[in-house]
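This document starts with one chain, in the form predicted alone, laid out as structure tokens.
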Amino acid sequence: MKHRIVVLGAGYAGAYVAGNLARRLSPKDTEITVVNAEPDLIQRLRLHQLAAGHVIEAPKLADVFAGTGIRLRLARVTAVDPERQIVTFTDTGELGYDTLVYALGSHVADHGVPGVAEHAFHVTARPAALRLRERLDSLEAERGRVVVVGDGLTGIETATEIAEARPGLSVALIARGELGARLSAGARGHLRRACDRLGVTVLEHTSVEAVEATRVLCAGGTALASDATVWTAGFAVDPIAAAGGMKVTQNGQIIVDDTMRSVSHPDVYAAGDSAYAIGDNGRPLPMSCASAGSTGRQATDAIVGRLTGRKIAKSKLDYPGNHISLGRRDGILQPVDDQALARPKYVGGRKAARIKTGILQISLWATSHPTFGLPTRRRRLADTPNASAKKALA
């Protein structure tokens, strides 16, 4: 009987892990299945660009995994039972596993603010980005008002992208604290100049208390008129892992050890936004594409090592910095130190924009070609699949 590996999610982390496992493990011993709700590989880092009106490539997962031996199941996961080692789907189907890779990513977090779910748009999923795009299309002739709530990287990129691509719209960005507070002084200045150039109105030290159909209510009684409110004030993960009894953080991330293995269920690995992983600096890795890469590599190495009886290679778990696009022709590259604090120097302007574009292209290519450059030798399991699984759990 083959060792069944099931990968939940085919984003940056899931697609990468699945392809690498398929190349490194012998199909004589293993069977790999990827479960994803959408048939396409979604470039989440570019969904704000999609919403603004740009054409964004979305390769078919069937093409991505062609020739790898990976089985693709298009379904939405509704539950995971780690005790019975079963995954349940919306179509009432079930799938058993011996090793599970949990890479379902994250979604927008409303933080309990009234009206967000009913009235706000977001850019954490392709259908949501397309809905926002349709709304912006309808507002251009009316010189509509767009309010972006949240000044994290997603909020900054969304506000500047919309302002550049749709100059007929009025765009405001609400920042809970100082705009670009995590950036160096020079980078903050660059960001402010970019917002001024693009006509983005910035409201700092402002908290939102409610979102209505045509306005945003802020603390202190201020009300901002809004024809389209875009919520980018944080992310959370689905409660599936928590409901299954796995040890998770308050926001639902699976707590893992330094090999991305669940601390409560050793046959479960997590990667990407779903994983609460501690970096080499002792701090939790942020939800990001960079973290998806490092946690994905580590999960792959750990699974291969344990199942084949080899030493587990250790990946570097760090976060080098922030890469922020400010429309198509401007950007900021902000390096950070080993404590994740901004270094004094930064790169801005067209050079930063070109580098960010290159990073996005490399991320897409690496994710959509997950087996490129890997050794052609596929490892057999250390023993029979069942014995290997037991050895891995010991």
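Residue indices: 1-based, along the sequence shown. Given the structure is predicted, the values throughout are model-derived calculations rather than measurements.
Keep in mind that the form predicted in complex with a small molecule is missing from the display, and what follows is about it.
- Residue contact with the small molecule in the model of the complex: S288 places a heavy atom within 4.5 Å of it.
- Although the partner is absent here, H323 lies within 4.5 Å of the small molecule in the model of the complex, judged by heavy atoms.
- Residue contact with the small molecule in the model of the complex: K316 places no heavy atom within 4.5 Å of it.
- Contact check for A37: a non-hydrogen atom falls within 4.5 Å of the small molecule in the model of the complex.
- With the partner omitted here, the residue from L47, L364, V64, A342 that has a non-hydrogen atom within 4.5 angstroms of the small molecule in the model of the complex is L47.
- Site annotation in the model of the complex: the residue of V116, L224, I240, A175 reaching within 4.5 Å of the small molecule with a heavy atom is I240.
- Between 163-171, 118-126, 299-307, 243-251, the stretch whose residues reach within 4.5 angstroms of the small molecule in the model of the complex through a non-hydrogen atom is 118-126.
- Annotated contacts: A75, L104 and G272 all touch the small molecule in the model of the complex [non-hydrogen atom within 4.5 angstroms].
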